[in-house]
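Given next, in structure tokens, is a single chain: the form predicted on its own.
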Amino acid sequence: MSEGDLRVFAGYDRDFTEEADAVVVGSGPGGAIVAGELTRAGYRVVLVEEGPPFTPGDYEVDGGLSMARTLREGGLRTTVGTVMPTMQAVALGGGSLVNSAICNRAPEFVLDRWCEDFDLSDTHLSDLDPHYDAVAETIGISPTPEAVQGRRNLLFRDGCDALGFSSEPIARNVRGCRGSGECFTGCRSRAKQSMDITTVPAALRGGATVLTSARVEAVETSGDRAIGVMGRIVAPFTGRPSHRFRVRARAVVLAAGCMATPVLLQKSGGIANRSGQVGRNLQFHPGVGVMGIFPDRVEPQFGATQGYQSREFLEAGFKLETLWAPPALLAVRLPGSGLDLKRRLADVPYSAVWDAIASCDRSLGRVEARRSGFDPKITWRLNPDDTPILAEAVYRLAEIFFAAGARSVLCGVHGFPDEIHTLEEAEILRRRTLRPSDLVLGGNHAFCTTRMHGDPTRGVVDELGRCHDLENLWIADSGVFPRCPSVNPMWTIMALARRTALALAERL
């Protein structure tokens, strides 16, 4: 098969139409896996991505500038209801370009509950393990070695060990990591095995056509079949539209993410929604971050962005992990202003930041298309019954910090002291009832807006990702999760996408 074609914004000079066996919308972890598997099976694939490709020379270490270039709505997207920032990428490779490369298999107990509660039969861990294994080989998943952990990560390990909590190096899709802590702004050493340097090139080698700076605006249908997509070429960073394009295909795969996929379905006349579930059931892993200040220098900028984790409390509803972000972004979460804020920033070389992500299954929202444009209205509320999970997570992070030798901890909870110096001071987190608005939240893991369900009246897709309403329309992103996975989702997105691709290949 001949080499494929990667097209960029400067190369478009007219309206055009493409023909394919399958068109895949979105080049993130789900879409890139589908494109790669279908080309490997010998099918003609067109992969469509709204964002541009990035190379190391395009990365900006400045956090604010990087967000403005790589994230939707300039990195300023938030939910309404409970206000929480949420970041989705717009770039070749999708979220894999700017995430921390964390790879966790969904816990067995989570997948068992999915099957029991959503009429699924073949989504147990034993069913997905072969797909997890195949993905791991493709993108180089392995535990973070100690040589690139840095002190920030190893202090977390030491605190967990002192308390008897289980912890482990995080498995990540990297090869040759230097511990530069630049995952969030783009890996300049190209160690992170993001989709733009692994599965997308594999699809190109298999003959795929990859259209970047191409925004899909509608799925075209005829009767009960999807027949392709149509959209506009858009300028990088501004979104200014220019030429029109159409891709006619025997199968359409939507992998634009759990925010963009339901908007696209809604903008396409409300297709695939006989169940009424498109855009509903939105769940997040709301996260909280805690900073600890140590007596001596930690130099937190050195070491893997997120190199250590603890799954000790997964069944209690949260996962603990280390974290790093550019100081300008950390400053937004620090208390105080003026001279007080400058003093806080002076403590950064002595600090570490660790975070928790929570499984808040009672906290639901929805994604709705706006009358104009393609940025969604995202409504979500943290259920008061889920708030104690996050409060306990903050307490446990403080406990690990003090066990690791921190002299003070900044918990970031409204109505709570800015800085505490003993674990006893943190006990108020367990005694006082917190309101959702008392917590400083972030939620970048989002799910369930086109959920799978064995009952077509209660879900958008079946267990393999095929839409119940349109036989050749498939979905391969985190929207198909029936419930949050309790751990970082990328590896599970890719495992499910591989299963979807193999099922689709048998039907083409």
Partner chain sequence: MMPLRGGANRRLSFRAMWGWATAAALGALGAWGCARIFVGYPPPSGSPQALRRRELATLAAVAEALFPPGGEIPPSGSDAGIAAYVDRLVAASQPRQRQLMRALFFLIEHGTLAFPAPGGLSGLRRFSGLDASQREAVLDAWQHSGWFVRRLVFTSLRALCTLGYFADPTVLRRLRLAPYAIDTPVCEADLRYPRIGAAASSIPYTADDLTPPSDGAPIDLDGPWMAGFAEDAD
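Numbering follows the first chain given and starts at 1. On a predicted model such as this, the values are computed, not experimentally measured, just so you know.
Although it is not shown, the form predicted together with the partner chain is what the next lines describe.
Contact with the partner chain in the predicted complex, defined as a heavy atom within 4.5 Å, holds for exactly one of P295, G269, G164, G338, namely G338. Between the options L334, A391, A369, L323, the residue in contact with the partner chain in the predicted complex by a heavy atom within 4.5 angstroms is L334. Looking at the partner chain in the predicted complex, residues A10, I197 and P236 each place a heavy atom within 4.5 Å of it. For A505, no non-hydrogen atom is located within 4.5 Å of the partner chain in the predicted complex, even though that partner is not displayed.
A residue is said to contact a partner when one of its heavy atoms sits within 4.5 Å of a partner heavy atom; D62 meets this definition for the partner chain in the predicted complex.
Contact annotation: R113 falls outside 4.5 Å of the partner chain in the predicted complex, judged by heavy atom distances. The closest heavy atom approach of F313 to the partner chain in the predicted complex falls outside 4.5 Å. Note that among 52-60, 468-476, 34-42, 450-458, the stretch whose heavy atoms approach the partner chain to within 4.5 Å in the predicted complex is 52-60. If you take 198-213 and check each residue for a heavy atom within 4.5 Å of the partner chain in the predicted complex, you get V200, P201, L204, R205, in sequence order.
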